[in-house]
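Take a look at this single chain, the form predicted on its own, given in structure tokens.
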């Protein structure tokens, strides 16, 4: 029985790893720079996290079904490019934003069609649509930056109850996603399909429908992330959203979502993972670290996320074997 208890303790420690890492990062950067642990910088971190965090929330739905979406950065770019064209042609902001979200959801549905109807691996499909979306976005923008009207900047600069609007959008998306996953039948279906699709099918579920839905949700979240990004820097550049999918995956996995499906949570998991990544980047910026080192740090964060997920899976597998042995 003792080995089972030991595995349980290790598993609890692995589940708390993101929180422990976050505390270490806060204390470390706080000790190195007094400007880091200020209210103003804390708000700045939350604002900077909003876009990546929303992207990671959508990614969490896909990862929970044991899938992956490598096209979210391109979906963000395409929706932003179309939205920018509409705004510059005279469309009102209130009419443009829903169109951007609809485009994101439609591109997510395009991924889902190939995955569910043609049984092609999500990795292959979304890798292809990643490049397709990047090319489409460059065609729409004609590889030139588009400076957007003042209204988009005012959207990002708006405050409610003293809190910036991007933070409210991030909080709303996170709370809605958490509610869907923990309080609805659809949320339970997502976990069931991710844990064992064949068992879910035998239980009367339709895995293809669930997978279709999560990719649509992921695409919609990518478009919302694009809106938040443009509200903070109102210009559509040719490199917008490039490689953002990897940060979204890292944030979700750092927060405890398994790459193998069936385990994970938006709150506090994915949200904390996104905050951790952005806090590290913010701290490096405050310390004036050489920008060329940022990709190295980013790669280290992604590797750490994968290692934590592998460790969690290994401990769970060993604990399961121990439990079977003890019970028999």
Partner chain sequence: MHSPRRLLTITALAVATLLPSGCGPSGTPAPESAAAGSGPAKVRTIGVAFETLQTEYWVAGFEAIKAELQRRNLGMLEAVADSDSSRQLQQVRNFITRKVDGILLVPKDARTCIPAIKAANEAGIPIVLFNRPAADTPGVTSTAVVADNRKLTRETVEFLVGQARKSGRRHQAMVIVGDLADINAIGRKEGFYDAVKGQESVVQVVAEVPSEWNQEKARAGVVNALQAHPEISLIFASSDFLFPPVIAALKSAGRYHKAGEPGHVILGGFDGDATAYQMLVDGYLDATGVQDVYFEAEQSVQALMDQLDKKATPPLILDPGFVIHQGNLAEKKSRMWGANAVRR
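Residue numbers count along the first chain shown, from 1. Predicted model, so just to flag it, every value in this text is computed and none were measured.
Although it is not shown, the form predicted in complex with its partner chain is what the next lines describe.
J.: So, 120, 233 and 294: all three within 4.5 Å of its partner chain in the predicted bound form by heavy atoms, or not?
T.: Yes, because 120, 233 and 294 each have a heavy atom that approaches its partner chain to within 4.5 Å in the predicted bound form.
J.: In the predicted bound form, which of the stretches 60-68, 22-30, 299-307, 275-283 has residues with heavy atoms within 4.5 Å of its partner chain?
T.: Among the listed stretches, the partner-contacting one is 275-283.
J.: So, in the predicted bound form, is residue 153 in contact with its partner chain at a 4.5 angstroms heavy atom limit?
T.: Yes, residue 153 lies within 4.5 Å of its partner chain in the predicted bound form.
J.: Answer for residue 134 alone: is it within 4.5 Å of its partner chain in the predicted bound form, judged on heavy atom distances?
T.: Yes.
J.: Would residue 238 count as touching its partner chain in the predicted bound form under a 4.5 Å heavy atom rule?
T.: Because a heavy atom of residue 238 falls inside 4.5 Å of its partner chain in the predicted bound form, the answer is yes.
J.: In the predicted bound form, is there a heavy atom of its partner chain that lies within 4.5 Å of any heavy atom of residue 168, even though the partner is absent here?
T.: No, residue 168 sits far enough from its partner chain in the predicted bound form that none of its heavy atoms falls within 4.5 Å.
J.: Let me know the one among 93, 109, 163, 127 whose heavy atoms come within 4.5 Å of its partner chain in the predicted bound form, would you?
T.: Among 93, 109, 163, 127, a heavy atom within 4.5 Å of its partner chain in the predicted bound form occurs only for 127.
J.: Which of the residues spanning 22-44 lie within 4.5 Å of its partner chain in the predicted bound form, based on heavy atoms?
T.: The stretch 22-44, when checked against its partner chain in the predicted bound form, contributes 35, 38, 40, 41, 44 at the 4.5 Å heavy-atom cut-off.
J.: Which way does the C-alpha gap of residue 71 and residue 299 go in the predicted bound form, closer or farther, given it changes by 3 angstroms or more?
T.: So the answer is farther.
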